[in-house]
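Read the single chain below, which is given as structure tokens and is the form predicted alone.
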């Protein structure tokens, strides 16, 4: 699972370079994300614009990363494709995560 991270002040922007997070890659995704989020930051933004497919294992991996951040740091998502957005909406996870249509202003050149 290839992830590219970039620090922007107090924000870490992480771009998923693969086109899917599924059962085959969920553990790699979680492990790599945990390495990246060990670095202190106020916010973590996950750019999922390359992801065309997300299954229940992938969703579970994203939720696991959110929980690993703890109650103070929040995992924000951006760039959800229509298919991935539907998974978040159907599972009501869209009410749990802060979801941006695109990367927030000022973070768009990351990765």
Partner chain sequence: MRAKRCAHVPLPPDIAHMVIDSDMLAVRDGLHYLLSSELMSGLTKDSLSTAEVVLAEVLNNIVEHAYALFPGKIAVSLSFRDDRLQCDISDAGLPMPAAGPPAGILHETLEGTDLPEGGFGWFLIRSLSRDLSYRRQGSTNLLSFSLSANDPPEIA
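Numbering follows the first chain given and starts at 1. From a predicted model like this one, the values you see are computed outputs, not experimental measurements.
Below: the form predicted together with its partner chain, not depicted.
Remark: residue 24 counts among the residues lining its partner chain in the predicted bound form, judged by a heavy atom distance of 4.5 Å or less. Taking the partner from elsewhere, residue 59 is found to have a heavy atom lying within 4.5 Å of its partner chain in the predicted bound form. When contacts are judged by a 4.5 Å heavy atom cut-off, residue 32 does not count as touching its partner chain in the predicted bound form. In the predicted bound form, at least one heavy atom of residue 89 sits within 4.5 Å of a heavy atom of its partner chain. The three residues 37, 48 and 50 each lack any heavy atom within 4.5 Å of its partner chain in the predicted bound form. Along 59-74, residues 59, 60, 63, 64, 66, 67 each place a heavy atom within 4.5 Å of its partner chain in the predicted bound form.
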